[in-house]
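What follows is one chain in C-alpha coordinates, specifically the form predicted on its own.
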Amino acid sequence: MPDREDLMIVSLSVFIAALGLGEQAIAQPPIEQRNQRPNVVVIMADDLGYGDVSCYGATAIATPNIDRLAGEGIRFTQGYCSASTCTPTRYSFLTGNYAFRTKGTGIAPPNSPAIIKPGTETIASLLQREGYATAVIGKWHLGLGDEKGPNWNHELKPGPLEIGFDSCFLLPTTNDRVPQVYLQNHRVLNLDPVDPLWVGDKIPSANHPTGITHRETLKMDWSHGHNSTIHNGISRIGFYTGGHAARFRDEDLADKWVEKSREFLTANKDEPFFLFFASHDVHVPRMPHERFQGKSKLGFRGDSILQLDWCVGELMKTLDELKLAENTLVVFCSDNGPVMDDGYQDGALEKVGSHRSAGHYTGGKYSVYEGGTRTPFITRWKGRIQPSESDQIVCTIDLPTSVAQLVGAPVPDTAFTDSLEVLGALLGERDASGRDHLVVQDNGNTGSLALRSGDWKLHRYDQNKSLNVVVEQKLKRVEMPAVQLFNIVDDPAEQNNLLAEHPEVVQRLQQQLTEILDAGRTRPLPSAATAPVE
(Lines give C-alpha, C1' and ligand atoms only; values in the text may rest on other atoms or scores of the structure.)
Protein backbone atom coordinates (compact mmCIF):
# COMPACT_ATOMS: atom_id res chain seq x y z
CA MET A 1 0.00 0.00 0.00
CA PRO A 2 1.75 3.27 -1.07
CA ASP A 3 2.08 5.94 1.58
CA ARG A 4 0.68 9.45 1.30
CA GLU A 5 3.90 10.99 -0.04
CA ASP A 6 4.23 8.34 -2.76
CA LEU A 7 0.65 9.00 -3.87
CA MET A 8 1.26 12.74 -3.95
CA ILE A 9 4.41 12.31 -6.06
CA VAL A 10 2.60 10.06 -8.53
CA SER A 11 -0.32 12.47 -8.79
CA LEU A 12 2.04 15.40 -9.25
CA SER A 13 3.92 13.56 -11.98
CA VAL A 14 0.68 12.95 -13.86
CA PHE A 15 -0.28 16.61 -13.47
CA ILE A 16 3.09 17.81 -14.75
CA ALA A 17 3.01 15.38 -17.66
CA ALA A 18 -0.39 16.71 -18.64
CA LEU A 19 1.12 20.18 -18.78
CA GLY A 20 3.96 18.91 -20.95
CA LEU A 21 6.67 20.08 -18.56
CA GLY A 22 8.72 16.88 -18.53
CA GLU A 23 10.13 14.81 -15.70
CA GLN A 24 12.76 17.37 -14.82
CA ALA A 25 10.01 19.66 -13.44
CA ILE A 26 8.73 17.27 -10.77
CA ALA A 27 10.31 19.27 -7.93
CA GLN A 28 7.75 21.91 -6.99
CA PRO A 29 8.79 25.56 -7.10
CA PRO A 30 8.20 27.65 -3.98
CA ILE A 31 4.62 28.70 -3.29
CA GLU A 32 5.39 32.35 -4.00
CA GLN A 33 6.34 31.38 -7.57
CA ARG A 34 3.03 29.60 -8.09
CA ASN A 35 0.62 32.33 -7.07
CA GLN A 36 -2.67 31.99 -8.86
CA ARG A 37 -5.98 33.79 -8.66
CA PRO A 38 -8.37 31.02 -7.71
CA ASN A 39 -11.83 31.71 -6.43
CA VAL A 40 -12.19 31.24 -2.67
CA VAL A 41 -15.31 29.89 -0.96
CA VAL A 42 -15.38 29.57 2.83
CA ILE A 43 -18.32 27.56 4.18
CA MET A 44 -18.66 28.10 7.92
CA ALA A 45 -21.11 25.90 9.77
CA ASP A 46 -22.52 27.01 13.12
CA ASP A 47 -22.15 24.88 16.29
CA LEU A 48 -21.09 21.83 14.27
CA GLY A 49 -19.00 19.38 16.25
CA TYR A 50 -16.04 17.24 15.24
CA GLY A 51 -18.18 14.11 15.45
CA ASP A 52 -21.28 15.50 13.73
CA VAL A 53 -20.46 14.43 10.17
CA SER A 54 -19.86 10.96 8.85
CA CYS A 55 -16.40 11.62 7.37
CA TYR A 56 -15.30 12.42 10.94
CA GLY A 57 -16.78 9.28 12.42
CA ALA A 58 -20.50 9.89 12.87
CA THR A 59 -22.54 6.73 12.36
CA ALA A 60 -26.00 7.89 13.47
CA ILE A 61 -26.18 10.35 10.58
CA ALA A 62 -24.83 10.44 7.02
CA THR A 63 -23.45 13.59 5.37
CA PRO A 64 -22.61 12.50 1.80
CA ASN A 65 -21.90 15.95 0.39
CA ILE A 66 -19.50 16.95 3.16
CA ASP A 67 -17.97 13.47 2.83
CA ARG A 68 -17.50 14.05 -0.90
CA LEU A 69 -15.78 17.36 -0.18
CA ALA A 70 -13.40 15.57 2.19
CA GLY A 71 -12.87 12.74 -0.30
CA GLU A 72 -11.81 15.22 -2.96
CA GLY A 73 -9.64 17.31 -0.65
CA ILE A 74 -7.83 17.31 2.66
CA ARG A 75 -9.57 16.21 5.84
CA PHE A 76 -7.74 17.86 8.72
CA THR A 77 -7.75 16.02 12.03
CA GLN A 78 -6.35 19.05 13.86
CA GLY A 79 -8.39 21.87 12.37
CA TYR A 80 -9.49 24.57 14.81
CA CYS A 81 -11.50 27.72 15.20
CA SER A 82 -10.05 30.31 17.57
CA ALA A 83 -12.99 30.59 19.99
CA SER A 84 -15.77 28.36 21.26
CA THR A 85 -18.52 30.87 20.43
CA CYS A 86 -19.63 32.49 17.21
CA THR A 87 -18.91 36.23 17.36
CA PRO A 88 -15.25 35.96 18.43
CA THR A 89 -14.48 33.23 15.89
CA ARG A 90 -16.06 35.22 13.05
CA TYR A 91 -14.19 38.34 14.15
CA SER A 92 -10.89 36.44 14.19
CA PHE A 93 -11.53 34.72 10.86
CA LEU A 94 -12.21 38.01 9.07
CA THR A 95 -9.55 40.15 10.76
CA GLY A 96 -6.81 37.61 11.47
CA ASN A 97 -6.62 38.95 15.04
CA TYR A 98 -7.35 37.09 18.25
CA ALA A 99 -10.70 38.36 19.52
CA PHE A 100 -9.59 38.39 23.15
CA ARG A 101 -7.30 41.31 22.31
CA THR A 102 -10.31 43.55 21.53
CA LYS A 103 -13.06 44.50 23.95
CA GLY A 104 -16.64 43.99 22.81
CA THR A 105 -16.01 40.85 20.77
CA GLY A 106 -18.13 38.54 22.92
CA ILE A 107 -21.54 37.29 21.79
CA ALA A 108 -23.08 40.33 20.13
CA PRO A 109 -26.50 41.51 21.39
CA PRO A 110 -29.26 42.39 18.88
CA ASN A 111 -28.46 46.12 18.86
CA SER A 112 -24.69 45.79 18.84
CA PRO A 113 -22.82 48.42 16.81
CA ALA A 114 -20.37 47.20 14.18
CA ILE A 115 -17.61 45.29 15.95
CA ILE A 116 -15.17 45.42 13.02
CA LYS A 117 -14.62 49.10 12.37
CA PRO A 118 -14.20 50.64 8.90
CA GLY A 119 -10.54 50.76 7.98
CA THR A 120 -9.80 47.41 9.58
CA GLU A 121 -8.05 45.12 7.13
CA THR A 122 -10.01 41.91 6.55
CA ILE A 123 -9.68 38.93 4.27
CA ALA A 124 -12.47 40.52 2.21
CA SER A 125 -10.83 43.95 1.89
CA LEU A 126 -7.53 42.36 0.87
CA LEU A 127 -9.16 40.28 -1.86
CA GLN A 128 -11.32 43.21 -2.94
CA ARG A 129 -8.15 45.24 -3.61
CA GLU A 130 -6.86 42.33 -5.66
CA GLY A 131 -9.86 42.59 -7.97
CA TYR A 132 -12.03 39.91 -6.38
CA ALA A 133 -15.81 40.19 -6.20
CA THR A 134 -16.61 39.65 -2.52
CA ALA A 135 -19.81 38.63 -0.76
CA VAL A 136 -21.00 37.36 2.59
CA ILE A 137 -24.26 35.40 2.66
CA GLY A 138 -25.87 33.99 5.79
CA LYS A 139 -25.36 34.73 9.47
CA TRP A 140 -23.47 37.92 10.38
CA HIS A 141 -23.60 38.46 14.19
CA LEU A 142 -20.82 41.06 14.15
CA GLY A 143 -22.94 44.13 14.80
CA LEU A 144 -24.14 46.94 12.54
CA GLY A 145 -24.07 50.71 12.61
CA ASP A 146 -22.02 53.33 14.42
CA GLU A 147 -21.43 53.52 18.15
CA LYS A 148 -25.15 54.15 18.70
CA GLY A 149 -25.99 50.79 17.14
CA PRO A 150 -28.16 49.94 14.13
CA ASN A 151 -30.88 52.27 12.85
CA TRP A 152 -33.09 49.51 11.51
CA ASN A 153 -35.32 51.79 9.40
CA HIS A 154 -32.50 53.54 7.55
CA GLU A 155 -29.11 52.62 6.17
CA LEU A 156 -27.39 50.04 8.33
CA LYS A 157 -23.78 51.09 8.16
CA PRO A 158 -21.03 50.61 8.87
CA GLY A 159 -21.37 46.91 8.19
CA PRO A 160 -19.95 44.31 5.82
CA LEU A 161 -19.72 46.72 2.87
CA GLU A 162 -17.45 49.01 4.87
CA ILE A 163 -14.88 46.26 5.57
CA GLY A 164 -14.35 44.79 2.12
CA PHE A 165 -17.53 43.06 0.96
CA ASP A 166 -19.10 44.25 -2.29
CA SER A 167 -22.46 42.78 -1.31
CA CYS A 168 -24.17 40.98 1.53
CA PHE A 169 -27.40 39.11 2.17
CA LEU A 170 -27.65 38.42 5.85
CA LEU A 171 -29.35 37.35 9.00
CA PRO A 172 -28.19 40.44 10.95
CA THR A 173 -27.57 38.82 14.33
CA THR A 174 -28.17 35.15 15.10
CA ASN A 175 -31.59 33.61 14.88
CA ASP A 176 -32.24 33.11 18.58
CA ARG A 177 -31.88 36.88 18.87
CA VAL A 178 -34.22 39.43 17.32
CA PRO A 179 -35.05 40.64 14.69
CA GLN A 180 -36.03 37.96 12.15
CA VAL A 181 -35.40 39.98 8.99
CA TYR A 182 -32.99 39.85 6.06
CA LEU A 183 -30.36 42.52 5.51
CA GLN A 184 -29.47 43.17 1.87
CA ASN A 185 -26.45 45.45 1.62
CA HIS A 186 -27.40 48.49 3.74
CA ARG A 187 -31.15 47.95 4.14
CA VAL A 188 -33.63 45.61 5.77
CA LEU A 189 -35.22 43.79 2.83
CA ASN A 190 -38.94 44.46 2.15
CA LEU A 191 -39.29 46.85 5.07
CA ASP A 192 -42.54 48.83 4.84
CA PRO A 193 -41.99 52.45 6.01
CA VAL A 194 -45.51 52.61 7.44
CA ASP A 195 -44.64 49.65 9.70
CA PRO A 196 -41.24 50.63 11.13
CA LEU A 197 -39.03 48.12 12.88
CA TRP A 198 -38.15 48.67 16.54
CA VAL A 199 -35.58 46.52 18.37
CA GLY A 200 -34.74 46.80 22.07
CA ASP A 201 -33.79 45.00 25.25
CA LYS A 202 -36.79 46.20 27.30
CA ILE A 203 -40.35 44.99 26.83
CA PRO A 204 -42.13 47.65 24.72
CA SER A 205 -45.53 47.33 26.39
CA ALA A 206 -47.21 45.41 29.18
CA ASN A 207 -49.27 43.37 26.74
CA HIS A 208 -46.40 42.48 24.38
CA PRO A 209 -46.56 38.68 23.79
CA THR A 210 -43.53 36.78 25.08
CA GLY A 211 -42.49 33.20 25.56
CA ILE A 212 -43.48 33.55 29.19
CA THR A 213 -46.90 35.14 28.83
CA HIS A 214 -47.92 33.15 25.72
CA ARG A 215 -45.99 29.96 26.23
CA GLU A 216 -48.93 27.80 25.22
CA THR A 217 -48.82 29.25 21.69
CA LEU A 218 -45.22 28.20 20.97
CA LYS A 219 -44.46 25.52 18.39
CA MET A 220 -40.99 25.10 19.94
CA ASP A 221 -40.77 25.61 23.69
CA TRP A 222 -37.83 27.29 25.39
CA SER A 223 -35.75 25.73 28.13
CA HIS A 224 -33.82 28.74 29.37
CA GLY A 225 -33.35 32.36 28.44
CA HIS A 226 -35.06 32.44 25.06
CA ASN A 227 -38.44 33.68 26.18
CA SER A 228 -38.91 37.24 24.94
CA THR A 229 -40.56 38.28 21.64
CA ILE A 230 -42.35 35.51 19.73
CA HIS A 231 -42.02 35.15 15.97
CA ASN A 232 -43.09 32.14 13.91
CA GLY A 233 -44.13 30.32 17.09
CA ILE A 234 -40.63 30.64 18.61
CA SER A 235 -39.63 33.05 21.36
CA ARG A 236 -36.26 34.78 21.16
CA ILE A 237 -33.71 36.83 23.08
CA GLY A 238 -34.67 40.53 22.97
CA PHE A 239 -37.72 42.45 21.87
CA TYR A 240 -38.98 43.87 18.59
CA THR A 241 -42.11 45.23 17.00
CA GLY A 242 -43.12 46.17 13.45
CA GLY A 243 -41.39 45.20 10.23
CA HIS A 244 -43.95 42.48 9.57
CA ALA A 245 -43.55 42.49 5.78
CA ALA A 246 -39.80 42.02 6.20
CA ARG A 247 -39.92 39.04 8.56
CA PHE A 248 -38.80 35.63 7.34
CA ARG A 249 -39.81 32.08 8.18
CA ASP A 250 -37.13 30.11 10.02
CA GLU A 251 -37.73 27.09 7.82
CA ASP A 252 -36.66 29.03 4.71
CA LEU A 253 -33.25 30.30 5.81
CA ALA A 254 -31.07 27.61 4.22
CA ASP A 255 -32.93 27.77 0.91
CA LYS A 256 -32.46 31.53 0.83
CA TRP A 257 -28.71 31.27 1.50
CA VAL A 258 -28.34 28.80 -1.37
CA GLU A 259 -30.49 30.89 -3.71
CA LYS A 260 -28.47 34.05 -3.09
CA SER A 261 -25.16 32.18 -3.30
CA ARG A 262 -26.09 30.71 -6.67
CA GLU A 263 -26.94 34.20 -7.89
CA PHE A 264 -23.57 35.54 -6.73
CA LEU A 265 -21.55 32.65 -8.17
CA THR A 266 -23.33 32.84 -11.51
CA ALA A 267 -22.98 36.61 -11.78
CA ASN A 268 -19.25 36.48 -11.04
CA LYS A 269 -18.22 33.28 -12.80
CA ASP A 270 -15.92 35.15 -15.20
CA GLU A 271 -13.91 37.00 -12.54
CA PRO A 272 -12.21 35.88 -9.34
CA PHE A 273 -14.56 35.88 -6.36
CA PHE A 274 -14.61 35.34 -2.61
CA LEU A 275 -17.77 33.98 -1.02
CA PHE A 276 -18.18 33.68 2.73
CA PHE A 277 -21.13 31.28 3.11
CA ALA A 278 -22.09 31.66 6.77
CA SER A 279 -24.62 28.94 7.50
CA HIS A 280 -26.92 29.18 10.51
CA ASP A 281 -27.14 25.40 10.81
CA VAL A 282 -26.97 23.86 13.38
CA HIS A 283 -27.49 26.83 15.74
CA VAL A 284 -30.70 27.23 17.75
CA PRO A 285 -33.54 27.61 17.14
CA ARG A 286 -33.22 24.52 14.99
CA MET A 287 -36.15 24.75 12.63
CA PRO A 288 -35.08 23.16 9.34
CA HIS A 289 -37.23 23.19 6.24
CA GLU A 290 -40.16 20.78 6.30
CA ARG A 291 -38.50 18.49 3.76
CA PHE A 292 -35.73 17.75 6.30
CA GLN A 293 -37.87 17.49 9.42
CA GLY A 294 -37.90 13.94 10.79
CA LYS A 295 -35.32 12.72 8.28
CA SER A 296 -32.68 11.94 10.92
CA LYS A 297 -33.02 10.00 14.13
CA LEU A 298 -31.49 12.85 16.12
CA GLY A 299 -34.39 15.29 16.22
CA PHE A 300 -34.29 18.76 14.70
CA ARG A 301 -30.57 19.07 15.44
CA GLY A 302 -29.82 16.04 13.29
CA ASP A 303 -32.28 17.25 10.65
CA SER A 304 -30.40 20.57 10.57
CA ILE A 305 -27.13 18.72 9.94
CA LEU A 306 -28.79 17.08 6.94
CA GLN A 307 -29.91 20.51 5.76
CA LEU A 308 -26.35 21.84 6.11
CA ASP A 309 -25.07 18.90 4.10
CA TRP A 310 -27.63 19.69 1.39
CA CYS A 311 -26.38 23.29 1.26
CA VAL A 312 -22.82 22.07 0.75
CA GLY A 313 -24.02 19.82 -2.05
CA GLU A 314 -25.89 22.66 -3.76
CA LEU A 315 -22.83 24.91 -3.65
CA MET A 316 -20.60 22.17 -5.07
CA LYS A 317 -23.19 21.45 -7.76
CA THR A 318 -23.22 25.12 -8.73
CA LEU A 319 -19.43 25.21 -9.02
CA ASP A 320 -19.57 22.10 -11.21
CA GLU A 321 -22.30 23.53 -13.43
CA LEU A 322 -20.32 26.74 -13.89
CA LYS A 323 -17.13 24.72 -14.54
CA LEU A 324 -15.40 26.48 -11.66
CA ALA A 325 -14.48 23.56 -9.38
CA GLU A 326 -10.93 23.33 -10.73
CA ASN A 327 -10.29 27.00 -10.08
CA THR A 328 -11.89 27.30 -6.65
CA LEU A 329 -10.40 26.72 -3.22
CA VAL A 330 -13.20 25.59 -0.91
CA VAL A 331 -12.74 25.65 2.86
CA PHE A 332 -15.29 23.95 5.10
CA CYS A 333 -15.16 24.66 8.84
CA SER A 334 -17.30 25.51 11.88
CA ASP A 335 -17.36 28.55 14.12
CA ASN A 336 -17.19 26.42 17.28
CA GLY A 337 -18.05 23.06 18.70
CA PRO A 338 -21.42 21.55 19.56
CA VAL A 339 -24.10 22.15 22.16
CA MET A 340 -27.30 20.18 22.72
CA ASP A 341 -29.72 22.21 24.85
CA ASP A 342 -28.87 25.83 24.06
CA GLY A 343 -32.17 27.35 25.08
CA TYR A 344 -34.90 25.32 23.34
CA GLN A 345 -36.65 22.02 23.90
CA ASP A 346 -36.00 20.56 20.46
CA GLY A 347 -35.23 16.95 21.34
CA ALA A 348 -31.48 17.23 20.81
CA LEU A 349 -30.63 15.76 24.23
CA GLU A 350 -33.47 13.29 24.36
CA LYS A 351 -32.69 11.83 20.92
CA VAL A 352 -28.89 11.94 20.97
CA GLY A 353 -28.58 8.20 21.66
CA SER A 354 -25.04 6.98 20.98
CA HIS A 355 -24.18 9.98 18.81
CA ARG A 356 -21.27 12.02 20.18
CA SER A 357 -21.24 15.41 18.52
CA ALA A 358 -17.72 16.27 19.70
CA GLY A 359 -16.40 12.85 18.77
CA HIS A 360 -14.06 11.51 21.43
CA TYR A 361 -13.16 14.98 22.67
CA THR A 362 -14.27 16.61 25.91
CA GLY A 363 -16.33 19.81 25.95
CA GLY A 364 -18.14 21.78 23.30
CA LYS A 365 -19.43 25.26 22.65
CA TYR A 366 -18.45 27.71 25.46
CA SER A 367 -15.48 25.60 26.62
CA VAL A 368 -11.75 25.63 25.85
CA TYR A 369 -11.58 21.86 25.83
CA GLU A 370 -10.87 20.33 22.44
CA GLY A 371 -14.56 19.76 21.76
CA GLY A 372 -15.12 23.53 21.86
CA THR A 373 -12.66 24.49 19.12
CA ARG A 374 -11.48 21.37 17.25
CA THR A 375 -14.01 20.97 14.46
CA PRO A 376 -14.38 19.52 10.97
CA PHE A 377 -11.94 21.36 8.70
CA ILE A 378 -11.67 20.50 5.01
CA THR A 379 -9.95 22.11 2.02
CA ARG A 380 -10.72 21.18 -1.58
CA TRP A 381 -9.32 22.47 -4.85
CA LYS A 382 -9.95 19.93 -7.58
CA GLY A 383 -6.89 19.31 -9.72
CA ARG A 384 -4.59 21.10 -7.27
CA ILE A 385 -5.14 19.51 -3.86
CA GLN A 386 -4.56 15.77 -3.74
CA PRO A 387 -7.08 13.87 -1.60
CA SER A 388 -5.54 13.05 1.76
CA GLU A 389 -5.76 13.33 5.52
CA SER A 390 -3.60 15.77 7.43
CA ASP A 391 -2.65 16.05 11.09
CA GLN A 392 -1.18 19.53 10.64
CA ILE A 393 -2.56 22.17 13.02
CA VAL A 394 -4.53 24.81 11.11
CA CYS A 395 -7.05 27.40 12.27
CA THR A 396 -9.69 29.63 10.72
CA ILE A 397 -7.72 32.65 11.95
CA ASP A 398 -4.93 31.68 9.52
CA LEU A 399 -7.06 32.02 6.40
CA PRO A 400 -6.43 35.77 5.80
CA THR A 401 -2.62 35.54 5.66
CA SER A 402 -2.68 32.20 3.85
CA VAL A 403 -5.08 33.44 1.19
CA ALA A 404 -2.97 36.58 0.79
CA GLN A 405 0.02 34.35 0.08
CA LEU A 406 -2.03 32.33 -2.39
CA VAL A 407 -2.98 35.34 -4.51
CA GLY A 408 0.33 37.16 -4.07
CA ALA A 409 -1.16 40.07 -2.10
CA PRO A 410 1.01 42.05 0.32
CA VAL A 411 -0.11 42.09 3.94
CA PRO A 412 0.37 45.32 5.90
CA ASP A 413 2.49 44.85 9.03
CA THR A 414 -0.39 46.07 11.19
CA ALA A 415 -2.93 43.61 9.73
CA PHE A 416 -3.72 39.96 10.50
CA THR A 417 -1.51 40.10 13.57
CA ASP A 418 -2.32 36.59 14.80
CA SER A 419 -2.87 34.94 11.41
CA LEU A 420 -0.01 32.60 10.52
CA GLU A 421 0.71 31.66 6.93
CA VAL A 422 -0.04 27.93 6.60
CA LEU A 423 -0.87 27.85 2.90
CA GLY A 424 1.32 24.85 2.22
CA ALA A 425 -0.54 22.81 4.84
CA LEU A 426 -3.93 23.96 3.51
CA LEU A 427 -2.93 22.85 0.00
CA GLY A 428 -1.28 19.62 1.10
CA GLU A 429 2.14 20.71 -0.09
CA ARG A 430 4.87 18.17 0.55
CA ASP A 431 6.86 18.86 3.74
CA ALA A 432 4.68 21.89 4.57
CA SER A 433 3.79 22.39 8.20
CA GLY A 434 0.95 24.05 10.03
CA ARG A 435 1.02 25.94 13.31
CA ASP A 436 3.23 24.98 16.23
CA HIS A 437 0.99 26.74 18.77
CA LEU A 438 -2.51 28.21 19.09
CA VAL A 439 -4.44 30.17 21.70
CA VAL A 440 -8.17 29.48 21.96
CA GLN A 441 -10.80 31.21 24.08
CA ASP A 442 -14.37 30.78 25.22
CA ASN A 443 -16.75 33.69 24.75
CA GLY A 444 -14.28 36.02 26.43
CA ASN A 445 -16.45 36.98 29.39
CA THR A 446 -14.83 34.57 31.84
CA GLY A 447 -11.21 34.98 30.79
CA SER A 448 -10.85 31.30 29.97
CA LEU A 449 -7.98 30.63 27.58
CA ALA A 450 -6.02 27.60 26.46
CA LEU A 451 -2.61 27.41 24.82
CA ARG A 452 -1.86 24.47 22.55
CA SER A 453 1.91 24.25 22.10
CA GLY A 454 3.28 21.14 20.45
CA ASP A 455 2.02 18.08 22.32
CA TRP A 456 0.94 20.12 25.35
CA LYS A 457 -2.15 22.12 26.19
CA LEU A 458 -2.48 24.54 29.09
CA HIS A 459 -5.93 25.64 30.34
CA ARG A 460 -6.25 28.91 32.26
CA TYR A 461 -9.49 29.80 34.06
CA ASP A 462 -9.40 33.32 35.47
CA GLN A 463 -12.83 32.83 37.07
CA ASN A 464 -12.41 29.12 37.86
CA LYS A 465 -15.42 28.04 35.86
CA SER A 466 -16.44 26.57 32.52
CA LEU A 467 -19.63 25.72 30.65
CA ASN A 468 -20.55 22.67 28.58
CA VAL A 469 -17.80 20.31 29.65
CA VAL A 470 -20.12 17.33 29.03
CA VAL A 471 -22.00 18.10 25.81
CA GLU A 472 -24.61 15.36 26.16
CA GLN A 473 -25.97 16.95 29.35
CA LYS A 474 -27.82 20.17 30.01
CA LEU A 475 -25.58 23.21 30.12
CA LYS A 476 -23.83 23.32 33.47
CA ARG A 477 -21.38 25.76 34.99
CA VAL A 478 -18.54 23.63 36.32
CA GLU A 479 -15.96 24.72 38.87
CA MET A 480 -12.48 24.45 37.40
CA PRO A 481 -8.96 24.70 38.83
CA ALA A 482 -7.16 27.87 37.81
CA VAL A 483 -4.68 25.93 35.65
CA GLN A 484 -4.71 22.52 33.99
CA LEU A 485 -2.12 20.76 31.84
CA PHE A 486 -2.77 17.98 29.34
CA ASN A 487 -0.66 16.03 26.90
CA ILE A 488 -3.00 16.41 23.96
CA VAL A 489 -1.35 13.66 21.91
CA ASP A 490 -1.42 10.97 24.59
CA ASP A 491 -4.67 12.21 26.11
CA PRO A 492 -6.78 13.92 23.41
CA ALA A 493 -9.89 13.70 25.62
CA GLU A 494 -8.12 15.84 28.27
CA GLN A 495 -8.91 13.54 31.15
CA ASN A 496 -5.57 13.48 32.99
CA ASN A 497 -4.44 16.78 34.49
CA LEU A 498 -0.63 16.59 34.59
CA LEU A 499 -0.15 19.86 36.44
CA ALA A 500 1.69 18.30 39.39
CA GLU A 501 3.79 15.91 37.32
CA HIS A 502 5.24 18.51 34.94
CA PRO A 503 5.71 21.85 36.73
CA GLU A 504 8.46 22.83 34.29
CA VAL A 505 6.07 22.48 31.33
CA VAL A 506 3.42 24.49 33.18
CA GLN A 507 5.92 27.26 33.85
CA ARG A 508 7.11 27.29 30.22
CA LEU A 509 3.60 27.45 28.79
CA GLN A 510 2.44 30.07 31.26
CA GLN A 511 5.38 32.23 30.24
CA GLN A 512 4.63 31.63 26.56
CA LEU A 513 0.97 32.57 27.01
CA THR A 514 1.91 35.70 28.94
CA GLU A 515 4.31 36.72 26.18
CA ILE A 516 1.61 36.20 23.53
CA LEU A 517 -0.85 38.31 25.49
CA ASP A 518 1.68 41.06 26.20
CA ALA A 519 3.11 41.20 22.68
CA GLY A 520 -0.22 42.10 21.09
CA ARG A 521 0.53 39.90 18.08
CA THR A 522 1.92 36.50 17.14
CA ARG A 523 2.57 36.93 13.40
CA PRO A 524 6.19 37.99 13.17
CA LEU A 525 7.00 41.21 11.39
CA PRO A 526 8.98 40.70 8.18
CA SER A 527 11.92 42.58 9.68
CA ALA A 528 11.87 40.30 12.72
CA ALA A 529 11.62 37.21 10.57
CA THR A 530 14.63 38.17 8.47
CA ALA A 531 16.79 39.85 11.13
CA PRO A 532 20.27 38.31 11.41
CA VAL A 533 20.99 36.25 14.50
CA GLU A 534 23.70 37.82 16.63
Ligand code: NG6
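Each residue number is its position in the shown sequence, starting from 1. Worth saying up front: this structure is predicted, and the values here are computed from it rather than measured.
One more form of this protein, predicted in complex with this ligand, exists but is not displayed; see below.
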Query raised in the report: Is this ligand close enough to 52, 286 and 356 in the predicted bound form that each of the three has a heavy atom within 4.5 Å of it?
Result: no
**Report entry** One residue of 421, 176, 250, 121 in contact with this ligand, assessed in the predicted bound form (non-hydrogen atom, 4.5 angstroms)
**Finding:** 176
Requested in this report: Quick one: from 322, 161, 107, 189, grab the residue that has a heavy atom within 4.5 Å of this ligand in the predicted bound form.
Outcome: 107
Query raised in the report: Are any of the heavy atoms in residue 86 no more than 4.5 Å from a heavy atom of this ligand in the predicted bound form?
Result: yes
Query - Contact test in the predicted bound form: residue 336 vs this ligand, heavy atoms, 4.5 Å - result: yes
Query raised in the report: Is the gap between residue 365 and this ligand in the predicted bound form 4.5 Å or less for some heavy atom pair?
Result: yes
Query raised in the report: Contact between residue 115 and this ligand in the predicted bound form at 4.5 Å, heavy atoms?
Result: no
Report task. Would you mind picking out the stretch of 42-50, 62-70, 503-511, 478-486 that comes within 4.5 angstroms of this ligand in the predicted bound form, counting non-hydrogen atoms? Result -> 42-50
Query raised in the report: For the stretch 132-154, which residues lie within 4.5 Å of this ligand in the predicted bound form by non-hydrogen atom distance?
Result: 139, 141
